[in-house]
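Presented below, as structure tokens, is a lone chain in the form predicted on its own.
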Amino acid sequence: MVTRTSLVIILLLTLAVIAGVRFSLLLGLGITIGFVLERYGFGFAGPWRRFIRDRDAQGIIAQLIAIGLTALAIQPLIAYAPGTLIGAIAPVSLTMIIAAAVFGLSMQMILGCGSGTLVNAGSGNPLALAALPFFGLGSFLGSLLIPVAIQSTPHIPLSLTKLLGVERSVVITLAGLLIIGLVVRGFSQGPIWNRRFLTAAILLAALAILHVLIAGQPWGVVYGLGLWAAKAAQGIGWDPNTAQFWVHPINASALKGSILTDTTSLTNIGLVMGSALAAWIDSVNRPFKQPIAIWYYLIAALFGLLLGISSRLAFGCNVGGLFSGIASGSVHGWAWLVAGFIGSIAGVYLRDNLWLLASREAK
């Protein structure tokens, strides 16, 4: 009898033969991340929603710990291996801040950020399944808008490690996370520690560190989704030479190559597979069992599109922009955090009202 574990091993071995061991390891890493996120119920959009709505800080505290542990490891690694390892350093701009706020609002509307949408889709969540293809399309459209965004507002990349040195950068990063944790604790109306979330945070940090060592760069999500849509667009006649983003040598190479040799694509596929595996083992899917009006799926598709566009203009989602950005020492990650959270406040209240209406109409 072929077990689930055997199927995964066979798949990874096959990929190792077809594409190489490194790419097999990346898929395996993505599967493990997806499994951890689903099995432990760990994410980004959900904890923010619980804090905004219920003052439950357990998930956010776990997020801060995961980022801090990752930063403690990868900032020195990247600093002492220049050219071999790169950080998630992105520019700060008005366009980027607005886009991060839009992403924060949008992720609350579909109850999932970048990684969350993939994980929820893997576990069978119908809203995530409706939003995911539009997320990819939006990421592609956002890539076409990047030149306009850069021309419209100044984009300034700021790296703490380059400005202050790796030791001071790590200290400032950890201090910033501690301050946010104390602020969150002050607003909390219950316990701030959750063993399940803390376990997931430690595991996620370890996996994020491994990602840097294997891929040479921090964990990201958005690029892979946009690449899939760009390949589809090319298949129906779109000319990538007309887009400044896709004529860049790295992006042009990814567009010509297989998704089986693209870092972000492999980890994205792994996220879906890992979450599906976790739901299969637990025999508990996480789709909405509550009846919902059909028009809310159109809402999910719309905000899935906005997720893609905004995450590309914000230079990443909660993973590539916030998590990996802060962990890498990028000031952009901190700006993303503030703007994304403000957007999430609006998103939580808008979603709650629309969800209540959609639930009533479905009864």
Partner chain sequence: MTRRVGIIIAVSAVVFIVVFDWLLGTPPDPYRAPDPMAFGSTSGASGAICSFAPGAEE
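Positions refer to the first chain, counted from 1. Bear in mind that the values here come from a model prediction, so they are computed numbers and not experimental data.
The same protein has a further form, the form predicted together with the partner chain, not shown here; the description that follows concerns it.
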Point to revise | the partner chain: the contacting residue among 208, 137, 215, 177 in the model of the complex [heavy atom, 4.5 Å] | key: 215
Study note, to complete from the structure: Answer key: of 316, 333, 308, 30, within 4.5 Å of the partner chain in the model of the complex (heavy atoms) is 316
Point to revise | residue 281, heavy atom within 4.5 angstroms of the partner chain in the model of the complex | key: yes
Review point. Taking heavy atoms and a 4.5 Å cut-off, does residue 196 contact the partner chain in the model of the complex?
Key: no
Point to revise | 4.5 Å heavy atom contact, residue 80 to the partner chain in the model of the complex | key: yes
Review point. Though only this chain appears here, would residue 91 touch the partner chain in the model of the complex if you measure heavy atom gaps against 4.5 Å?
Key: yes
Review point. Of these, 149 to 157, 165 to 173, 105 to 113, 179 to 187, which stretch puts a heavy atom within 4.5 angstroms of the partner chain in the model of the complex?
Key: 149 to 157
Review point. What residues, if any, in 7 to 23 have a non-hydrogen atom within 4.5 angstroms of the partner chain in the model of the complex?
Key: 17, 18, 19, 20, 21, 22, 23
